[in-house]
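Quick heads-up: it's one chain on its own, the form predicted alone, in structure tokens.
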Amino acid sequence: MKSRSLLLALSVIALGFSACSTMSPASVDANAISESAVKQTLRSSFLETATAKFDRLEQTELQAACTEATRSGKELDSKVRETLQSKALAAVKYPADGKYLGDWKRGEAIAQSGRGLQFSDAANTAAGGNCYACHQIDKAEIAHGNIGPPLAGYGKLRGISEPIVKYTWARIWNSHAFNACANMPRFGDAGILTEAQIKDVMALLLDPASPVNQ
């Protein structure tokens, strides 16, 4: 998330101040560092490429609120959270053709790919979901992340009713619609994955033939 970039920049600035003065790192108040100073530092150290543009440094209203909550050490106000989540959910774009499931085999390849949108990638590199970095995709995997819940048995446990299908789509499109300060990328909302790619990932999660549901 962009909020993490801002927090990282705050840390870098704080360490820089401490190195150039007699102040200890613990005495630097990160909250006293202005947002403009953070943005200036980020822009001066960010190399724009074909796939990584300066717009990545600009936060959405939701990201800015979560960043401020993190900086202040306070929970996001419940009313603000509800409002932001409602806006995110209302902005979800569902498939125009009404078809939600693509090819689970393509979906598995997308889930296992971390390529795309990196400064070293060519502009025409198809982005992957990098899902395995945070989730266990199926029970056979031995190397996977645990930031997110395991996805093994996702469709088998939940079925493929319309509410489950639409919920799953919305969760992939923008997980912030359900958890304002979630770590999960906004795959559809941020344009990371195309509609066709999301359909394939949906099939990976919900198709009974998918290894996820074995």
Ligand code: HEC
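Counting begins at 1, following the sequence as shown. The structure presented is a predicted model; accordingly, all values stated were derived computationally and were not measured.
Quick note: we don't show the form predicted together with the ligand, though the next part is all about it.
Listed stretches are 91 to 99, 69 to 77, 119 to 127, 132 to 140; the contact stretch with the ligand in the model of the complex is 132 to 140, by a heavy atom cutoff of 4.5 Å.
Exactly one listed residue, out of 64, 184, 160, 52, brings a non-hydrogen atom to within 4.5 Å of the ligand in the model of the complex: 184. For the chain shown alone, residue 203 is not a contact residue for the ligand in the model of the complex, no non-hydrogen atom being within 4.5 angstroms. Mapping the unseen interface onto this chain, residue 147 counts among the residues with a heavy atom inside 4.5 Å of the ligand in the model of the complex.
Using a 4.5 angstroms threshold between heavy atoms, residue 168 counts as touching the ligand in the model of the complex.
The closest heavy atom approach of residue 175 to the ligand in the model of the complex falls within 4.5 Å.
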